[in-house]
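Starting off, we have a lone chain in the form predicted alone, written out as structure tokens.
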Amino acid sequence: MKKTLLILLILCAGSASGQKFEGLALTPPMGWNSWNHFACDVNEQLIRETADAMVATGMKDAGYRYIVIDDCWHGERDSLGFIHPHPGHFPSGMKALADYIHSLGLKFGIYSDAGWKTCAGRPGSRGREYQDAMQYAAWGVDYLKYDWCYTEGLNAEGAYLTMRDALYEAGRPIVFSLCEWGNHEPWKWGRDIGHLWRTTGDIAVLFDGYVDHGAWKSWGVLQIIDMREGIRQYAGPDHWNDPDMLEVGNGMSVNEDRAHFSMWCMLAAPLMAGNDLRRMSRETLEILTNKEAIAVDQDSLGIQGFRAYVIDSVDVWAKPLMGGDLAVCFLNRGKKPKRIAFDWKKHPIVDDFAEKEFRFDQTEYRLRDLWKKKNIGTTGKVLRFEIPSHDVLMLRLTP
């Protein structure tokens, strides 16, 4: 009788039309995800310690909220088909873990896959979407990353629509992260389905280049920046382009970490740390908690930045902000330091998409260096500076 009632409930849920939970990601989500540093080596002690570290290090105060367990948390499905965590790695269960994370004022995230199996071969959600959504809601999940491995024969938009409806039917507001790698242009159809969608394949701990895994590649920071020009118009409050999680603190140089973080802020990207929060260098922590850079990412106008000029090896990126401010980031892509003399009056910033113009021959702006955290003059004078290799000068301009 119990099994029959359960099946009827799931069928009824599946027949209802759902929708996306609105207003959960009015600015790009900020948090931590286990995959980049730990891959499958996850357990409840690590997750609890990471949540503690997010609070103790000041990352929570800087805006980070989500603790997301990526692939490999899974155990088996029970006789009714409900998924359970691995009993050896998560002996207290996911509800207890979620309760602990919530007690710290943080939010709890989890991972699944639209296919038969996850990318690491654990049970996927295909055909079990409504059951999994019900389970996640019962556990107290706040964020779901939904991958795209083992999805032969599936239509991407339809598969993600099914899980969206399942989450809505389960009744708990959950941020829905579409991890489809950009293969089916999710920016064109994802707005009403999810709160963010991956635009590329996986990131690597690499600033420039790629890692060839045979059947697929993971990409350097510069490659990801270059891959998806021309889609910024699809991003905005509650629907973000996601260039993948951060590799800050995982092995690049301090310059490269700073440039990587700055560019993700300019792209209005989700800021999901991917390092070991329990063992961070001072430089890593300073990058991840730079509130002035984070304010650019979290700006409520929700406009993704764009490449306005290219000067030799230096890209000049611009991002309109609330109140008439403007973020400008000079990115040195080259392997050598680069001296720049930037005449603001000869370089207006015109953003046709946002319908905003910044003409420095007509209006003078104060310049704030967001990494040195000091004012450095105005646009009334030519800006002269040197950028080290693979580094940035990130500025906030205020009229």
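Since we're looking at a predicted model, the values are computed, not measured. From 1 onward, residues are counted along the sequence shown.
There is another form of this protein, the form predicted in complex with a small molecule, and it is not shown here; the text below is about that form.
Put simply, of F261, F108, Y111, Y160 only one has a heavy atom within 4.5 Å of the small molecule in the predicted complex, and it is Y111. Between the options H195, K319, K145, R164, the residue in contact with the small molecule in the predicted complex by a heavy atom within 4.5 angstroms is K145. Residue contact check for I225: none of its heavy atoms lie within 4.5 Å of the small molecule in the predicted complex.
Of the heavy atoms in W35, some are within 4.5 Å of the small molecule in the predicted complex.
Under a 4.5 angstroms non-hydrogen atom cutoff, the small molecule in the predicted complex lacks A96 among its neighbouring residues.
Taking the partner from the other structure, the small molecule in the predicted complex has no heavy atom within 4.5 Å of any heavy atom of M280. Using a 4.5 angstroms heavy atom cutoff to the small molecule in the predicted complex, none of E256, D315 and F330 count as contacting. Figure note: of the listed segments 197 to 205, 79 to 87, 290 to 298, 135 to 143, the one touching the small molecule in the predicted complex, with heavy atoms no more than 4.5 Å away, is 197 to 205.
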